[in-house]
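Shown next as structure tokens: one chain only, the form predicted on its own.
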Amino acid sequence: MQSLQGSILVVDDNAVIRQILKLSLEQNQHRVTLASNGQEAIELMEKHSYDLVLLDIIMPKMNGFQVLEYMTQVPELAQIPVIVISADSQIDNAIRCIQLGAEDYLVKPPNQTLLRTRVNASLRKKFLHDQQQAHQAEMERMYEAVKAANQAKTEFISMAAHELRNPLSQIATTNTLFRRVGTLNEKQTQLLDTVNFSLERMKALLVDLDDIARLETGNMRLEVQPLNLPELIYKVAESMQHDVITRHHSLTLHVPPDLPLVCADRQRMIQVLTNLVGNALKYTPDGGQITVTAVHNSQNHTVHVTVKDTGLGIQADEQSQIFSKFFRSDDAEVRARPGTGLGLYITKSLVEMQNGRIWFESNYGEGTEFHFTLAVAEGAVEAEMVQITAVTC
């Protein structure tokens, strides 16, 4: 076994033993310091760093037992391995030393091969412990650095969203006033329409940035209460009819009106449904089929909603990242469509904050199905919709 080199403190009141141990250790390239009693050893350990202590038991001023007891009370010293080397061969003393934290107990004069082996074993253990401690300290430092950077990023996002509102509002107002000053020609109308479209995209981005900041700071507040989910699904679908017609899509709803109430926040569920159905419309080529299905699972007391499309699908190697913040596919067709990479991250967070679950299934080039479940409100029944005031979440 390869010998390790370390800094070793030899503590013994016998000068001859000290020198014998010193010469033996230095032959193996160890750095050796000598102490003639326990008190001197403690003073040296408090001033210098050692990898190992070879400790005698019977000494004046402060014996080996007292040194071990002292070391266990000081965290920095308790990490230093100790091998007791004593002329006392009584088993009771050896047991007591081990109980006080010593790693080993050798009887004087120690066999040189045995001493070298035990020293190497203790040093190896100490160096491994030091490496683990250093690694843990580095990981903690990196964690704090990432945490601070994440906090700074969140604060910047919140500030940027706040500061952008006023200029965007002024642009929107100016754009409206341009349409009132007189008749616009075709080119001017096209330019203003382009500005309006860009404004809508910026407003949507600001909403997403606001939500990200609230999610990451824990300031997202939800009003969870019994909710008529079919009614909400129909309203969201109706709000998207313009896009459906413009893109020549077919949007089909299989949503029974008598589904039980679910526990959810109304505004946030509108956001979830709008994101999922909106993505299906956006990433499905013209003339595609989008289907929204909702069923009651009576066994686990949930309502299961599925949004299925015949769109571009998600590449297999990107599926694990689909709910990641700011993720956007490398696919050229996906990149050609506007997006921030925040919608699905926010959607997943909102569903899970309402004690729901969300997942997806996708075949690249064939389409995607997004699924989410929400808990049924306590006391809700399938056969008859009850009043919200009579149902609790």
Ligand code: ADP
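Since the structure is predicted, the reported quantities are computational estimates derived from the model, not experimental observations. Sequential numbering from 1, following the sequence displayed.
Although it is not shown, the form predicted in complex with the ligand is what the next lines describe.
Chemist: Quick check on this chain: which one of 353, 358, 344, 34 has a heavy atom within 4.5 Å of the ligand in the predicted bound form?
Modeler: Checking each option against the ligand in the predicted bound form, the one that comes within 4.5 Å is 344.
Chemist: With the ligand left out of view, which of 305, 71, 233, 314 would have a heavy atom within 4.5 Å of it in the predicted bound form?
Modeler: Selected residue: 314.
Chemist: How about residue 370: is it within 4.5 Å of the ligand in the predicted bound form, going by heavy atoms?
Modeler: Heavy-atom contact with the ligand at 4.5 Å: present for residue 370.
Chemist: Residue 120: heavy atom within 4.5 Å of the ligand in the predicted bound form?
Modeler: Taking the distances in the predicted bound form, the answer for residue 120 is no, it never comes within 4.5 Å of the ligand.
Chemist: Test of understanding: in the predicted bound form, would residue 62 fall inside 4.5 Å of the ligand by heavy atoms?
Modeler: Contact with the ligand, no.
Chemist: Considering only heavy atoms, tell me if residue 280 and the ligand come within 4.5 Å of each other in the predicted bound form.
Modeler: Yes, residue 280 sits close enough to the ligand in the predicted bound form that at least one of its heavy atoms falls within 4.5 Å.
Chemist: Looking at heavy atoms inside 4.5 Å, which stretch does the ligand contact in the predicted bound form, given the options 324-332, 38-46, 23-31, 53-61?
Modeler: Selected stretch: 324-332.
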